[in-house]
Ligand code: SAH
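As structure tokens, one chain now follows by itself in the form predicted on its own.
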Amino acid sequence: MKTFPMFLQMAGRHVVIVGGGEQAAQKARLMLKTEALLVLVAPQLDAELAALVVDGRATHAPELTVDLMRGAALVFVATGCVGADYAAHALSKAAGALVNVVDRPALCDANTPSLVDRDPVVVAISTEGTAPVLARQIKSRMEVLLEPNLGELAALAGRLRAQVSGQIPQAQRRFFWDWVFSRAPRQAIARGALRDAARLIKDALARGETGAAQGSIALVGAGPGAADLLTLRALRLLQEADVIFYDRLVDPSILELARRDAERVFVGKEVGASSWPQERINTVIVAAAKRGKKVVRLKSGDPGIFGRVAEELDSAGAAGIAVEIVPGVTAASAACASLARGLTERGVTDRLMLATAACKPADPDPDWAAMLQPGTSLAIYMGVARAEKIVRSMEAAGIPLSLEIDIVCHASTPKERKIHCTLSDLPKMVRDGAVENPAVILVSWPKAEFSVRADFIAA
């Protein structure tokens, strides 16, 4: 290493920023995250810097002197003038201060890293000036890994550290803190529930618990296929999971984002097969959580939309297992995004219906007449195998078969295919093999078509 990473104590110290323009303002914004006192040195300050002085966040000195820089934690030079930069650098060295001259690496004692700020948790990333774009890419990945309010949990732990030391034997403290930062308290923080996290920790202390393994289940939406449509929370849970139970439609690239040592268990149902009935899935995910595992039940799309989430919630609840639901991008949203349009259109289709054609065997057919009316967009999931029956039922319900529909297969993936036709053409499209699962059938009945339905009913 040419440079050595170190965190400087800033509380009660001053930082000198030489310059009055945008570059100086950028450094000021960075230093305002610390407890340092800012000294702005320039004949004139831009509006943003001047406002800091007015608000008491900084002081202003028109001219740079050696005395200003003595004892400074850092000096930033950002004048934009070659001569002025060199002069300020020379004065900084004479004062014995660490100096950073913007855009002049040869004059820098200290480099500004890319920061991931979860105060008091701070991650600094540096490439020693060789690859700033790479540093930004690493920063982006770290931003995903660390939930936005993680610092609140770290601060809470700091406030409770003395109490933990007094109540938990030294040999058990590591296990206790591992529980705090890996399991229920951290999961509460990820939901934005600081009070819940504090209560969990304090209750554990009151009971004398030292962090024995406690399992959990997360019902996570994998989205329609594309890995970059995962939510940040879904990605974090995948990277924390001990075991992942995944469906048939979960793209392999999403599983690659999980921890390398996480166990992966396929629990999908192939068409016409039932090797993994729902009752068996319920049993295995609960059993894994009871063994203290962090379980992710990974479902394609959104787990709350035709994902049988209620059954898994009931099983976990009966076993006393904590459950978290993480929404995902549902296939209908991805399909419309691929079509470059919305699911609804103001003044044309102002009602949205999501329906599944895969009902329980004993259930009656969906009431298409109630679902699809003028002014409605209808997204039909799992309807390919029942396409002919759906069209016959809609015709019997008085829905005009001239309505235009879009069918999107494998939405958001490289295998994506889009078909535009009318309702009457749907069965033939399926018979000819133009449509393949997984597919979403999107039917829109604009308000302008109301007269068609009215004439049918009158007849």
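Position 1 is the first residue in the sequence shown; the rest follow in order. Given the structure is predicted, the values throughout are model-derived calculations rather than measurements.
Unshown form predicted together with the ligand; subsequent notes refer to it.
Any chance all of M371, L403 and S444 sit within 4.5 Å of the ligand in the predicted bound form, going by non-hydrogen atoms?
Checked in the predicted bound form: no contact with the ligand for any of the three.
Hey, in the predicted bound form, does H410 get a heavy atom within 4.5 angstroms of the ligand?
Residue-level check for H410: yes, a contact with the ligand.
Given that the ligand is not shown alongside this chain, does S377 nevertheless sit within 4.5 Å of it in the predicted bound form, heavy atom to heavy atom?
Judged by the heavy-atom cut-off of 4.5 Å, S377 is well away from the ligand in the predicted bound form.
Heavy atom to heavy atom, is I244 within 4.5 Å of the ligand in the predicted bound form?
Contact with the ligand, no.
Any of the heavy atoms of P185 lying within 4.5 Å of the ligand in the predicted bound form?
No.
From the list A316, A198, A190, M382, which entry has a heavy atom within 4.5 Å of the ligand in the predicted bound form?
After the contact test, the surviving option is M382.
Quick one: from C108, A204, I305, V267, grab the residue that has a heavy atom within 4.5 Å of the ligand in the predicted bound form.
The option sitting close enough to the partner is I305.
Of the listed stretches (254-262, 328-336, 139-147, 234-242), which one has a non-hydrogen atom within 4.5 Å of the ligand in the predicted bound form?
Selected range: 328-336.
So which bits of 215-247 sit within 4.5 Å of the ligand in the predicted bound form, heavy atoms only?
Read in sequence order, the lone residue that approaches the ligand (within 4.5 Å, in the predicted bound form) is P224.
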